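Next up: a single chain in structure tokens, the form predicted alone.
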Amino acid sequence: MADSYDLVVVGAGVAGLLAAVAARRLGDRVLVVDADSLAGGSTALSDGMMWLPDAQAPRSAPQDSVEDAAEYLDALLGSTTTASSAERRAAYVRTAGKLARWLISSNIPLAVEKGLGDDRPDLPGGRTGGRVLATQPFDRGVLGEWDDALRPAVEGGRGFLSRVLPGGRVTRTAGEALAGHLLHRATANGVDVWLDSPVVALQGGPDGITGVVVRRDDADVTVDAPRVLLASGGFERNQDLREEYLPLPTDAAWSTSGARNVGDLLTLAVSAGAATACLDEAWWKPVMLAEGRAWALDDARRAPHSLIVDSAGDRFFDESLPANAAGRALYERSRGMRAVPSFLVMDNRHRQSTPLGPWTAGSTPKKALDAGEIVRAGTLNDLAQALGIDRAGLLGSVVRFNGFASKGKDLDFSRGEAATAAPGDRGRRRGGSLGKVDKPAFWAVKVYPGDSGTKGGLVIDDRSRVLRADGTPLPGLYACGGAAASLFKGTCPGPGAALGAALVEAFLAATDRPSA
């Protein structure tokens, strides 16, 4: 006899857990299943920032509104598309603030991240602050027996390492904290959670989805449900799908996502008649490789005494751009010049003052040098030779860049000055991201167009219902986050947009009723 629930959520990441909590509060019997042995997904390893306009969270300023957020999104996104419809945009700005207030009223403490504004605050409706929120620390001990089931954040994440809660195991990052809060509320309020339990089939077909088949304890279990929400992430860990859809070259090793997202549910949903969009898109970010994984370079690339060059030794963009724009710049440059990988070149002041990948400021393990993860040389000429890039090009780029740094103005790319500068650069003194690269030793790491997850997926509507190719809903199936085609094709509205969108879409799915 099959198990029966009102809602099955596929994916025990933060979006899936939020949907489960919201649906349970409305009286639904909810099951969360995940192929992973740990809950929390990639968010538990992340900074946990959420772009939620009109949140009206404590200390948020300036005053925001749904109308301003809608104006900003339309100015940023331009013409509507299949995935970025007017209805989806309206649902996002209408629900984002409501969701933030729902979280706060649920005793999940949120605070505005100071100094972080929209990626394009110069656009109509843009803001220089108040729309990026994050969760405050969480004592994992509250989870009891579920503590071991929550994915722990790794060292080096944006978090609360200096804010230890007395007598408890404090979360290390805001992402881990949010995952902990939601896992606690789900398990404490009667949501069933099955880990190590992959979905191997969707029940039903083009006429509608009626449940799932879950492999649990080496047996296939049929679970009936009138609503199935795919919160299962994208396909960033599937090399074959990456090579089929994403720009080339591409490598799953360049993704910073901590989840095991291989797109299995995407394939199952397509087989059932679901439409897809944006499969050539990802949440791009420049990364370096060290110690067997990808590391974001956001802080290092915008710090003074550094620049990024291609194989010809030439600069080609403003190194302080937001992550998504900077990652796209690597691919755009590669259309005419080998720029994958590019190279982050630093002088000794940068290496002594700025963390880089897994290494603290001033610390560069010998094993990293021996492995070629980072290159060190006494002169720029020797550095170029070691990297295999054009020596004259590198020397010329550095001389020109140093001249700009002396004057405090980058005449080529306006580094650190544009409205699109990376959050954290804006508000500094003019030219604060600039600094001469002239103090030996000189250092360099390879820079790849990495990502924090893919953007392409199933087309959904303003209620997070999965759509068929003809635009009609596929009854019973919903999607959110990386499983859905992103609302933000080709751009990013601000820090935390990926998580903000996933949570909003999950909330819309959980609160939708088929008869509505």
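For clarity, every value in this text was computed on a predicted model and none was experimentally measured. Position 1 is the first residue in the sequence shown; the rest follow in order.
The same protein also exists as the form predicted in complex with a small molecule; that form is not shown, yet it is the one meant from here on.
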Notebook entry, point to check: Using heavy atoms and a 4.5 Å limit, would one call Arg333 a contact residue for the small molecule in the model of the complex?
Noted result: no
Should Gly496 be classed as touching the small molecule in the model of the complex when contacts are defined as heavy atoms within 4.5 Å? yes
- Task: With heavy atoms only and a cut-off of 4.5 Å, decide whether Arg260 touches the small molecule in the model of the complex.
- Result: yes
Discussion item. When the contact criterion is heavy atoms within 4.5 Å, does Gly233 count as touching the small molecule in the model of the complex?
Written reply: yes
Which of 139-147, 337-345, 218-226, 251-259 lies within 4.5 Å of the small molecule in the model of the complex, heavy atoms considered? The stretch 251-259
With the partner omitted here, the residue among Glu373, Asp314, Asp264, Glu417 that in the model of the complex has a heavy atom within 4.5 Å of the small molecule is Asp264
Of Ala55, Ala485, Leu45, Leu467, the only residue with a heavy atom within 4.5 Å of the small molecule in the model of the complex is Leu45
